[in-house]
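The chain below stands alone, shown as structure tokens; this is the form predicted alone.
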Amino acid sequence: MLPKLTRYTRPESLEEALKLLREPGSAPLAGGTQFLAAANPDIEQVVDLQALDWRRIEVAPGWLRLGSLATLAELAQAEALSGPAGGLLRQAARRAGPNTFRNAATLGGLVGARLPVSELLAALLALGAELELAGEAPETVALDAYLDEPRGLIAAVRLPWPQAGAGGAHAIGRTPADTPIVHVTAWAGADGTRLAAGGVGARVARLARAEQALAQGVEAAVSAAAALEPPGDFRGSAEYRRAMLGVLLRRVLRDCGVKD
């Protein structure tokens, strides 16, 4: 429920959108899947961003740029997402939810929601994603920095492209279609191996200590990850999540060709 909602606007330009969003009680609307689920009782005005030109998926020299209003369905089918890195992203987009969800949910909305369990966020972190933030002072920030301290309006997600390397992603859930209890994604590229996981903290995050320990071998990385203190809930206890994190780490590193 949005009990205070009295106004819906659909600006035709970024300038108009930013002006409307500065008004008290205003909130941006993209696909609406997270917006409606959150049901913020303080929202008085919805600013629909769908008229902005933020839906394109394109490759530029050295970069893959994903418009924030691209749907997860479009991301899962995009021809620009080529090679192993593209396959990792497409797989993660397909696993984000059923067709009805993917056809509505946008990339920017998913990033902005900072879901504690999102395989797509983990894939983006593992591939070194950055965010283009629109505003009076546009800026580009690393995805992990944004997840720590969200700000601004997400115009696009971009990644270094093409990326040579190998990746892996594994998850454990109560059923194949259920929200994962724990998931881990890895990417082994020219600049090292990046690891990201969900279900083991307040948000999806890089496993920085495990990455550093990987220089001493896979089991050292698993031991470093075991120091995490995951939450427990109806899907799984903290102890179960910690144990499964180690299992999934071994699996993704094996997929990447990383040996102990």
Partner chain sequence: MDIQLTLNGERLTWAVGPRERLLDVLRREGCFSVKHGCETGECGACAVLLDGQLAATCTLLAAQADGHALETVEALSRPGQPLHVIQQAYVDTGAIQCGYCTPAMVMATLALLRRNPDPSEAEARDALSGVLCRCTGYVKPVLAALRAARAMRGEALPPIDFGQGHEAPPGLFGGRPGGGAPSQADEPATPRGDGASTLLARVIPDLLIRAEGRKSVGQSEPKKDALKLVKGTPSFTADMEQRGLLHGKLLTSPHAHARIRHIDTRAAEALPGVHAVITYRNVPRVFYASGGQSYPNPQPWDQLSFDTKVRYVGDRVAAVAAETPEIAQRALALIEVDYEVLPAVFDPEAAMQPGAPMVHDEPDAIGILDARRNLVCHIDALVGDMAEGFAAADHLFAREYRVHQVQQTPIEPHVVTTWWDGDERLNVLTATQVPFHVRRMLAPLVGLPARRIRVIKPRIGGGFGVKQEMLIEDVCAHLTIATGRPVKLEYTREEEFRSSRSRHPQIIRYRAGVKNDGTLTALDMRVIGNTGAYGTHGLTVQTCTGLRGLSTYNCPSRRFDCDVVYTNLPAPGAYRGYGAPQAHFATESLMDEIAAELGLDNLELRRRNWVKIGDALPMGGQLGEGAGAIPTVLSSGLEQCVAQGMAAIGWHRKFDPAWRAAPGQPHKRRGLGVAICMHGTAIPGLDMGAASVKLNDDGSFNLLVGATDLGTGSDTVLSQIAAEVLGVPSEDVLIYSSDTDLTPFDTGAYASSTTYISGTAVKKACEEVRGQIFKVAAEILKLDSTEGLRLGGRQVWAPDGQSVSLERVALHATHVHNQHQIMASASYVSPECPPPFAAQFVEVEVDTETGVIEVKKIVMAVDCGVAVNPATASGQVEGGMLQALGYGLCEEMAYDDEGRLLTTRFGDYRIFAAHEMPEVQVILVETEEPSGPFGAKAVAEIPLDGAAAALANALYDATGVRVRQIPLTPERVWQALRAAEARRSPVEESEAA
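Keep in mind that what you see is a predicted model, and the values were worked out from it rather than measured. Positions refer to the first chain, counted from 1.
We do not show the form predicted together with its partner chain, though everything after this point is about it.
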{"query": "Segment assignment from 188-196, 202-210, 218-226, 44-52: heavy atom within 4.5 Å of its partner chain in the predicted complex", "finding": "44-52"}
{"query": "Triple contact flag Leu2, Thr100 and Ala177 to its partner chain in the predicted complex, non-hydrogen atom at 4.5 angstroms", "finding": "yes"}
{"query": "Sole residue of Gly87, Pro162, Gly173, Pro116 within 4.5 Å of its partner chain in the predicted complex, by heavy atom", "finding": "Gly173"}
{"query": "Close approach of Ala70 to its partner chain in the predicted complex, 4.5 Å, heavy atom", "finding": "no"}
{"query": "Proximity of Ile181 to its partner chain in the predicted complex, heavy atoms at 4.5 Å", "finding": "yes"}
{"query": "Met244: touches its partner chain in the predicted complex, heavy atom cutoff 4.5 angstroms", "finding": "yes"}
{"query": "Contact of Gly32 with its partner chain in the predicted complex (heavy atom, 4.5 Å)", "finding": "yes"}
{"query": "Residues within stretch 223-247 having a non-hydrogen atom within 4.5 Å of its partner chain in the predicted complex", "finding": "Phe234, Arg235, Gly236, Ser237, Glu239, Tyr240, Ala243, Met244, Val247"}
